[in-house]
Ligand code: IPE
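A single chain comes next, written as structure tokens; it is the form predicted on its own.
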């Protein structure tokens, strides 16, 4: 069944999907490969998921590529991940632009090499008017850090305590202007939030799968969207089918 045929059978399609792309290292270890081989395989898989997102009608896709805590990994792995990011921009940017993908970066650029910082900024600028799919790349990102940065910015702006509302806080986050994720997917079987979109994911539906990220293909993505369609999103309220006394 093609992606378009599959999309036609989905009962609900989330506007915004966020993914913790976990399991690259274990995928590589099972095959006797170095960890960076797993990261490269995971990057190749991202192409499939971007295409599937467009076909399924997802409008926003956020990927957790590198956390603020990942700087504690071995230097060789960090340098390899930075090289992979640069390589992806060099190889994929034009095609993503032609496909109508708008690239955004959430997190900090300051610890990246200056040449890579410029490439990220150029990619964001080039694709800023595209609207087929918004792809948020969370690189050097942490949910707690994002909230701390928002608080600092509100203080600098002279926001008084009485002015603080959830809507105002959202306007100071890295994702300002974007809808909160409807569905957050974590691959590899781990059952943790891992400091990802802590504020934005407050009422998101979570989907956990034991599949390692490089093997999380279009069919596995489809399964996640089917499961999402079965969920009753209550936002802290009761379902219309529930008794108020329950």
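As the structure is a prediction and not an experimental result, all values here were calculated from the model. Positions refer to the first chain, counted from 1.
Separately, the form predicted in complex with the named molecule exists; it is not shown, and the next lines address it.
By the criterion of a heavy atom within 4.5 Å, residue 224 is excluded from the residues contacting the named molecule in the predicted bound form.
Contact check for residue 21: a heavy atom falls within 4.5 Å of the named molecule in the predicted bound form. In the predicted bound form, at least one heavy atom of residue 192 sits within 4.5 Å of a heavy atom of the named molecule.
Although the partner is absent from this view, residue 106 stays clear of the named molecule in the predicted bound form, with no non-hydrogen atom inside 4.5 angstroms. Contact check for 95, 97 and 102: none of the three has a heavy atom within 4.5 Å of the named molecule in the predicted bound form.
Only one of 59, 40, 26, 218 comes within 4.5 Å of the named molecule in the predicted bound form through a heavy atom, and that residue is 26. The contact with the named molecule in the predicted bound form, taken as any heavy atom within 4.5 Å, belongs to 77 out of 77, 87, 131, 122. Residue heavy atoms within 4.5 Å of the named molecule in the predicted bound form occur in exactly one stretch of 173-181, 46-54, 198-206, 62-70, and that stretch is 62-70. Shown here without the named molecule, the chain has only 186 in 155-188 lying with a heavy atom within 4.5 Å of that partner in the predicted bound form.
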